[in-house]
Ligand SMILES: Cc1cc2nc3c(=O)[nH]c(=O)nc-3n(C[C@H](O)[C@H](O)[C@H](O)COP(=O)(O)OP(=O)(O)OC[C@H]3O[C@@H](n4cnc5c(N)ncnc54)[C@H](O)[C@@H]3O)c2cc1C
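Next up is one chain by itself, shown in structure tokens, the form predicted on its own.
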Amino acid sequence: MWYGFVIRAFHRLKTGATRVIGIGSKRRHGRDPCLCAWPVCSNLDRMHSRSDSRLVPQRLHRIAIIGAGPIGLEAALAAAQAGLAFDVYEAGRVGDSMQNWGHVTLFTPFSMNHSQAGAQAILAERPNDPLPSGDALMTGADYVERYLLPLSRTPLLHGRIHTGRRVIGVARKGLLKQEAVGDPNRGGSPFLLFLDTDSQGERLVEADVVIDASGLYSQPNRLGPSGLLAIGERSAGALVKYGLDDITGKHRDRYVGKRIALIGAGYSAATSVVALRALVDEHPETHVVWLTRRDSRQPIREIEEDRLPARRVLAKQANAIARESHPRLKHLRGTWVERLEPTQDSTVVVHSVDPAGHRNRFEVDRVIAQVGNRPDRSLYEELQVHECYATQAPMKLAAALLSQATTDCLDRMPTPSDTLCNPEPNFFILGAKSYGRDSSFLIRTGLAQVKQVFTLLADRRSATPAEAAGTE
């Protein structure tokens, strides 16, 4: 069923007019609606401008990159090859998020997960240590070990990747968020990054361009009804595991012989339920309850004629587990978690409810919460970033993605370069974080984003100040 609505509004002010031409919701083939607004033109943005008529030239030579994952390192490589000064700030280790789920095999082959420039840089230093074949399916740990770490150690990047440096926030030097709105001179002021470092404490650094490639993995969604925290979720603490443990490997002692509640219906949950099923068969004293919000005996989305065989196999395995009647692995569908009640015995009582109001209560030793992730927007809350209020992705990119009627990430078409631009000049959000709560991001998409951004920067550096000011 197709449906939609459009609200058109025109509001004229003393300084000009703002025209909002769309706040829309479309549902295609069962997709959830996403509401986005497209700003067409705005003289209102200049109402609070602090500038005069002279344009301040923008320096675009110092680049700060947040995150040393796949997209952050590829952006660093592009900066190095462009002859720009750059620094990468990483809160943990190189490829930290991927190392945290390193036992999991990527659905996509290696050919989709690296750039040609990255491969060349590594082979120039390690000619006798060939990279994996293009069709290789690698675990996260293998990908870090064989590609990300070697790339980070190449001369082009050596000394520019700073681990143990968490970026707490980014702002414009001398400006508050609400100042110089829509003023091209705002881009003439450098960025300030507030760092919390392992070795040097808190400090401020400046940059002309900021690329936020910090990802999503450290920011899980909430466990409770309608995206809220479940009552007691915070107090449950270590009894709730967000993310992917190696259930049949190094973390098996956390699960053998335990009562476990698994919550979620994405591919991470599918990975965990397949592992838990194997554990239940091997250790009959282990019991699992799998809760999914959708009222379906097939909770994991299966893509017709899926071109990623590993994804197809995983979805089918997980759905078969959901359909079967197993004495020690139960699937509760159409169910929300309402409350978690920690006990003095280091267990937690899970209270759930279905749409009909029927309630369940069961005690477990551990809760696995795999309900997706969201962007950490606190990094740029002092910047002028226009967000989609459904996905929390940058608005231009979110609108472009919404226009693509596809449910398969492989069918995502490249979006125009200007969709990566924000109202804040020379601030870019790349990688999985650029998709917000849309989980269809691929590494190869991020590689294309890096190329687009550095093409934009090259154009801006060669433009006159007036031309550069008009690029947002």
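For every residue, the number given is its place in the sequence shown, counted from 1. Being a predicted model, the structure only gives us computed values, none of them experimental.
Another form, the form predicted together with the ligand, is not on view; read the next lines as being about it.
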| query | finding |
| --- | --- |
| In the predicted complex, the one of K177, R166, R254, R153 near the ligand [non-hydrogen atom within 4.5 angstroms] | R166 |
| Single option in G187, P375, P299, G72 placed near the ligand in the predicted complex, where near means a heavy atom within 4.5 Å | G72 |
| Partner proximity in the predicted complex: E387 to the ligand, non-hydrogen atom cutoff 4.5 Å | no |
| Partner proximity in the predicted complex: D96 to the ligand, non-hydrogen atom cutoff 4.5 Å | yes |
| 4.5 Å heavy atom contact, V288 to the ligand in the predicted complex | no |
| Proximity of F107 to the ligand in the predicted complex, heavy atoms at 4.5 Å | yes |
| Region of this chain that lies against the ligand in the predicted complex, out of 255-263, 331-339, 394-402, 206-214 [heavy atom, 4.5 Å] | 206-214 |
